[in-house]
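Single chain ahead, written as structure tokens, the form predicted on its own.
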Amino acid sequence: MATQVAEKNAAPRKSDATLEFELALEFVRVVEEAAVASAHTMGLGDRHKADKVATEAMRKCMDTVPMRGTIVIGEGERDEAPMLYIGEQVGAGWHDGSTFPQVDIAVDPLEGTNLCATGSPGAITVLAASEKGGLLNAPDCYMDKMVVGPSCKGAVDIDAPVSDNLKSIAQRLDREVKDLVVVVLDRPRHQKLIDDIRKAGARIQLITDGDLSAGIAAAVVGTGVHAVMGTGGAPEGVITAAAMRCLNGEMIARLIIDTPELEERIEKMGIKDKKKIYSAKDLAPGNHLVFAATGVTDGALMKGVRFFGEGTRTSSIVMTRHSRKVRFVDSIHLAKRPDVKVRFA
């Protein structure tokens, strides 16, 4: 018992502390590179190309980061993707034998491929990282999700009627239900949810893609988003959960396991209870977490990539859980010419 108490109260291992204090800005560099690459394809109508160049840029940049990283959520759950697949080793530490920290990484090289292809708002490049074992290895399936901000922690129940949840959220935010804005993915499967929200009197913001970005907005005061409801990808849900833990928000979720194949897959992944209700801490249990994202097209929190004569400008956010920091990073990537000038604007 004494040993357990001592371990609990011990200072963080250097490798864990390195994750937040030394690698956070390295991860910003990774998502910036992916964003710039995909932004060159913005509006061209080719979602596959946009995703491909973002993935390639992210993978190439990751190998320069001083870490021994393992992809736990990536582009292909069953190793079908050419890179950034689950189980892939990334980072400089695997190549030169260095004792760099071991890091689990969840990536979405381009969240909102359709948004990028059409030039619509809300496309981002994003990743979450933790110490080993700090991110749930979620199957590539759907997940029921509900995301709310810090004021509404403990106020919502995934099995409660929509109207009850909206009343609870409104009460915590000291407003009426009619003042709430709920983000929902515009999908046929959400028609009943949409009807229930409207019947309760709340307003809806329908989005075509990008529920991860919406989840972050729900946890930040002043964005005009008060909750995200509906079903979306489970891998994206884990990345959202990492952001919620950094922002002190909350997410409750449940995997949708509706086929024998999915039941077999989750069993192999060590998930025993297919009806389990997950909190943000269950999905991203790591003590040291980093969340980093860069805007590809303009969004609620970040501007999109901007190209100009002297170089490229990016807008990013990076959050750390243990050190409790949220940084908004505005970067200018100068063109490699001797006559380049930096302008304040």
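This is a predicted model, so every value here is computed, not measured. Numbering starts at 1 and follows the sequence shown.
Beyond the structure shown, there is the form predicted in complex with a small molecule, which is absent from this document and is the topic of what follows.
Query raised in the report: Of the options Leu185, Ala117, Ala170, Leu193, which one has a non-hydrogen atom that comes within 4.5 Å of the small molecule in the predicted bound form?
Result: Partner contact (heavy atom, 4.5 Å) among the options: Leu185.
Requested in this report: Could you tell me which one of Gly215, Gly74, Gly232, Pro101 places a heavy atom within 4.5 Å of the small molecule in the predicted bound form?
Outcome: Of Gly215, Gly74, Gly232, Pro101, the residue with a heavy atom within 4.5 Å of the small molecule in the predicted bound form is Gly232.
Query - in the predicted bound form, segment of 151-159, 83-91, 206-214, 171-179 with a heavy atom within 4.5 Å of the small molecule - result: Flagged stretch: 206-214.
Query raised in the report: If you check in the predicted bound form, is Lys145 within 4.5 Å of the small molecule, heavy atoms only?
Result: Lys145: contacts the small molecule in the predicted bound form.
Query - Exercise: Glu111 in contact with the small molecule in the predicted bound form, heavy atom 4.5 Å - result: Glu111 belongs to the contact set for the small molecule.
**Report entry** 4.5 Å heavy atom contact, Lys268 to the small molecule in the predicted bound form
**Finding:** Looking in the predicted bound form, residue contacts with the small molecule do not include Lys268, since no heavy atom lies within 4.5 Å.
Report task. With heavy atoms only and a cut-off of 4.5 Å, decide whether Lys199 touches the small molecule in the predicted bound form. Result -> No, Lys199 stays farther than 4.5 Å from the small molecule in the predicted bound form.
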